[in-house]
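Only one chain is included here, represented as structure tokens and corresponding to the form predicted alone.
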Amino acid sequence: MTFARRTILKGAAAGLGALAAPSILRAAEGDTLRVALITSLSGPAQLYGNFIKIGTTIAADRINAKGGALGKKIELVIRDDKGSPDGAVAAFRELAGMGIKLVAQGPLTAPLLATLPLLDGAGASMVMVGPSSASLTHENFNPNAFRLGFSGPMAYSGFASVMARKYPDVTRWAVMATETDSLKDLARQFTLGLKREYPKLAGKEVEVLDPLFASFGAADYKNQISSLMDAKADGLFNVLQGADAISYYKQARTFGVENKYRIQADSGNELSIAKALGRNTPKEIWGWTGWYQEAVADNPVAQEIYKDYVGRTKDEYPNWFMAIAHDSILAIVNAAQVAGSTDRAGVLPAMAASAPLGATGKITFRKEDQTFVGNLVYIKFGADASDPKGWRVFESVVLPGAEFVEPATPGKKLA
């Protein structure tokens, strides 16, 4: 990594935005710049993987419409990690064998932890698409990878702040989570946030009950739901994700969970819940989301890719992973363009120094641990009989991520 920062910044000014100029539309027929995407296209996280796939596809098409990068058209090479570390390693080895140096992977933490150690030997650069586990930029920090997503401590501290502001009287909380290290950590971060934010914002102490756990990919949540119905709490934080979460909400409705709790907070499924449940959506849920198009109405890139997404899918409510995935491809391809090659010695410092405008705003990374620090978005949605869909979004809150991001400790576990 010998690029001087001044050199990189000068190059960044001539990044992908400049490729709209006809004089440098120099892609040769049949000549492509291959970029790998490893994501979950099967298993419980398929819901997110599908959004990631279309977000990266939109990004590649937009870049190609402006002439591509390095004089070539972008070719996405997509592989399914099957939601497992073994699947991710097999995909990565295949892609590395093809000579691909630019890799986007996410959103699951365990598959990422399996492939990060392989980057050095493959000479590859990676952008991690949307993972929230703190360990990825702390004790498992890898200098060859950037996180384009929101760390759990940042996202869930902000979430706790919203709850303390909106529901100052809800001071007893229950937690339901999948029993994986990464999701247990999100539950812990939300709990820490509640205990920090309620005294500060509501002037009250808060009690958080011991979490209830379910196995990853579980089909039956009746035992946990029964315990939730008996719990002495007014607020409920759900840390089930993907298909697991949808199964849970469908079952929870039959027990009347939505009537027991004054507020339910969801860890990241946001409108996927409403789209799956329709008129059976709970009456009120607050959801963490990395992006919501109506909350970034002044960002032209966000509005353009939203229209592109709707035009392709006829779906008016993309999950936030679509936007993050778009920005992941934009960031790593822009870095290659700035560096003038896919060589890691140039791509990594170019990633650190560039700031292309994406759907989430200007894409920048904290120098110390290469983690993204963008605005945090939270939305409240729920059932609405007057809406043809049977549900609607009631409000959104945007908070500056910089106020909630944890200290950088690359190589060391966050205390």
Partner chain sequence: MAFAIINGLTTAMAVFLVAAGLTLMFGILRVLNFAHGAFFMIGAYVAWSLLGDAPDSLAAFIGGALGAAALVGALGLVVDQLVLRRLRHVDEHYMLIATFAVLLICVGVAKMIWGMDFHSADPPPFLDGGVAIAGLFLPKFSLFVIATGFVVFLALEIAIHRLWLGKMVTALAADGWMANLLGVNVPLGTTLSVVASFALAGLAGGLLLPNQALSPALGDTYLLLAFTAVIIGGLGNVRGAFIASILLGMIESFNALLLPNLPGLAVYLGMIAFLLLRPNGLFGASAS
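Here, rigid core means the biggest group of C-alpha atoms that superpose within 1.5 Å across both forms. Residue numbers count along the first chain shown, from 1. None of the values given here were measured: they were computed from a predicted structure.
Absent from the display: the form predicted together with the partner chain. The rest refers to it.
- Under a 4.5 angstroms non-hydrogen atom cutoff, the partner chain in the model of the complex has residue 242 among its neighbouring residues.
- Using a 4.5 Å cutoff between non-hydrogen atoms, residue 220 counts as a contact of the partner chain in the model of the complex.
- The closest heavy atom approach of residue 226 to the partner chain in the model of the complex falls within 4.5 Å.
- Mapping the unseen interface onto this chain, residue 276 counts among the residues with a heavy atom inside 4.5 Å of the partner chain in the model of the complex.
- By the 4.5 Å heavy atom rule, the three marked residues 47, 50 and 214 all count as contacting the partner chain in the model of the complex.
- This chain is displayed alone, yet in the model of the complex one of 166, 196, 260, 250 has a heavy atom within 4.5 Å of the partner chain; that residue is 250.
- Of the residues given (110, 246, 100, 78), 246 alone sits with a heavy atom within 4.5 Å of the partner chain in the model of the complex.
- Note that among 137-145, 334-342, 251-259, 152-160, the stretch whose heavy atoms approach the partner chain to within 4.5 Å in the model of the complex is 251-259.
- The partner is not shown here, but in the model of the complex the stretch 178-199 reaches within 4.5 angstroms of the partner chain through a heavy atom at 179 alone.
- With a cut-off of 2 Å and the rigid core superposed, residue 225 has a Cα displacement that reaches or exceeds the cut-off between the shown form and the other one.
- Taking the rigid core as fixed, one finds a CA shift for residue 121 smaller than 2 Å between the shown form and the other one.
- Relative to the superposed rigid core, residue 257 undergoes a CA displacement of at least 2 Å between the shown form and the other one.
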